[in-house]
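Before any questions on binding or motion, here is one chain by itself as C-alpha cells, the form predicted on its own.
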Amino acid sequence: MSARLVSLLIAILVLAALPWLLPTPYWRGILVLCAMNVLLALSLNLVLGYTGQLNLGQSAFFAIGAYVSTILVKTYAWNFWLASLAAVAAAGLLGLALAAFAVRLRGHYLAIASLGFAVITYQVLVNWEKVTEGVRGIYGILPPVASTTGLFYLVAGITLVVYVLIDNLMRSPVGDTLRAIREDEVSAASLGVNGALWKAFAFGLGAAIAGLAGCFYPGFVGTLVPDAFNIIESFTMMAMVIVGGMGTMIGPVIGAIVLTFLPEVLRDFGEFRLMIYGLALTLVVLFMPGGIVQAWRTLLRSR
C-alpha cells in the first residue's frame, strides 16, 4: 500500500472522528468553518503558491458563490446542488474574466487590480438591493443537511476530494508548468509555455473552488450580508497560505487549521487576543518565511 493511500485513509479516519472528539455544538460549528477555510486556502494557493500571482480578490469569488447559490435557491426555488453548480460556474467564469486583465500585470500591480475587483464586488452586493437585499441581508437560509455534524462531513468530504484532485494535478505536467511560470515566466515562455493561458487557468480554477466554499457558507450561518465578504477576508486567506507554506499542498491546510482555531484558543485572553494573534503571525513571517511546512522540514534535516 502506497504512502499516499495510507495518508488518505488516515485523513478520512481523523475527519470521521473529529465531531465526536469535539462534541459541543459550538466546536462542531468551528469544524465546519475550518473545513471551508481549508477549501479557500487551497483555492488561493493555486494562484499565489503555485503560479506566483499575488491575488487579493479571492473574497470576491467566495461572495459570488454564496450569493448566486442563495439567490437561486431562495428567489427561484432551485435545488441546492443545481444552484451550487451554477454558482461555481459563475465564480469560475468571473475568475477567467479577471484573468483576462490580470495576466498582463505582475507584482503589486496585480495585487491592486485584484483588490479593486474585490472592492467592486463588495459595492455591488451592498448597492444592488433589488437582487442582494443590500445591507439588510438575506435571512432564513437553510443548510443542505439538517445537522452541524452532517454539514461538517459534507464540507470536509468535498474538501478532501478537492485536495486529492489538486494534488494529482500538481504532480502532473500541469503542476510543473505552473511552477515554471512562478519561478521565471520569461524562461518558461522560451520553452513554449503560454504563461497567459496557464495563469488564466489557475485564476479560473481557484475562483471556482472559492465559489464552491461560498455555497456552504450561507446555510452554515443562516444569513447572508455583504460585510461577511469584505477585503479583510482576502488578507485572512493569504495569511493562511503564507503561514502554512505557499506552493505546497499540506501547507495551506495547516495554515487554515491554525488560523481558524488560534483565535478560539486565545479567546480567554480577552482584549489581548488580537494582539497575541497578530504577534504570532508576525513572528511566523519573520522567522519562518516558508511557513510551518518549511520549518518542519528544516527541523527534520537538522536531526
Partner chain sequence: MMFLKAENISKSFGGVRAVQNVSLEVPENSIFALIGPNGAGKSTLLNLLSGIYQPDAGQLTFQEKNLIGLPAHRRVRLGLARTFQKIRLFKQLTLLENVRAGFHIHQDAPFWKNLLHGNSGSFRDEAHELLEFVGLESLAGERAGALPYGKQRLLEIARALATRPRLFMLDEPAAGLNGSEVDFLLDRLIQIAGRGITLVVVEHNMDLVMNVAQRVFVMDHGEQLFEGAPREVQANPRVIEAYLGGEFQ
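Since we're looking at a predicted model, the values are computed, not measured. Residue numbers count along the first chain shown, from 1.
Missing here is the form predicted together with its partner chain; even so, the following discussion is about that form.
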query	finding
Distance check, L160 to its partner chain in the predicted complex, heavy atom within 4.5 Å	no
Its partner chain contact in the predicted complex: V221, any heavy atom under 4.5 Å	no
G140 within 4.5 Å of its partner chain in the predicted complex, heavy atoms	no
Proximity of D227 to its partner chain in the predicted complex, heavy atoms at 4.5 Å	no
Heavy atom within 4.5 Å of its partner chain in the predicted complex - residue from L85, V145, L96, L165	L165
Proximity to its partner chain in the predicted complex, single hit among A89, L154, V135, V193 (heavy atom within 4.5 Å)	V193
Location of its partner chain contact in the predicted complex, chosen stretch of 169 to 177, 213 to 221, 145 to 153, 76 to 84 [non-hydrogen atom, 4.5 Å]	169 to 177
Heavy atom contacts to its partner chain in the predicted complex at 4.5 Å, residues of 180 to 214 in sequence order	A180, R182, E183, D184, V186, S187, A188, A189, S190, L191, G192, V193, N194, W198, F201
